[in-house]
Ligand code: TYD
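Shown next as structure tokens: one chain only, the form predicted alone.
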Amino acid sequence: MNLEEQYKIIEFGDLGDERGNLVVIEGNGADIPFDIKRVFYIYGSDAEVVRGQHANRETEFLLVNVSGTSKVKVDNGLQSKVIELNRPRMGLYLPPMVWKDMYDFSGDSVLLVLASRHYDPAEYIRDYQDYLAELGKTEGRADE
């Protein structure tokens, strides 16, 4: 499958007014295609730190840089692409079985992550070669 058919960039509406900005993200199909079971955020990282470095067998994710910027390299075993999260209204939806590396965090970065499942270490694939083996792919990459 083409990588760009797997992930999705979602632009959320700004419901703010003269008092300030307000962005609402609703699960279960309203804004994102899953019911939100877990929320976490990453902050205090810098440009040298790489987070993620894994794929999930079942969990779907939505990543939003609510402050600052970061980059996410997504990879499906055949293709990879770097997406810059640089606006608080921009979300990156990732389905299961997409490898992700988050990096190049600005000093003020707060990366909010919404997940479709509770944490289960057994469904994480943390070794890239194991990920490729599980996908049934060992060669033929076409990086962008």
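One-based numbering along the sequence shown. Remember, it's a predicted structure, so these values are computed and weren't measured experimentally.
Only in words, not in the display: the form predicted in complex with the ligand, which the text now covers.
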Using a 4.5 Å heavy atom cut-off, which stretch among 50-58, 77-85, 22-30, 64-72 contacts the ligand in the predicted complex?
50-58
Could you check which residue among L92, L114, M97, I42 gets a heavy atom within 4.5 Å of the ligand in the predicted complex?
I42
Heavy atoms within 4.5 Å of the ligand in the predicted complex: does Y128 have any?
no
Residue contact check: K37 to the ligand in the predicted complex, 4.5 Å heavy atom:
no
Within 98-118, which residues have a heavy atom closer than or equal to 4.5 Å from the ligand in the predicted complex?
M102
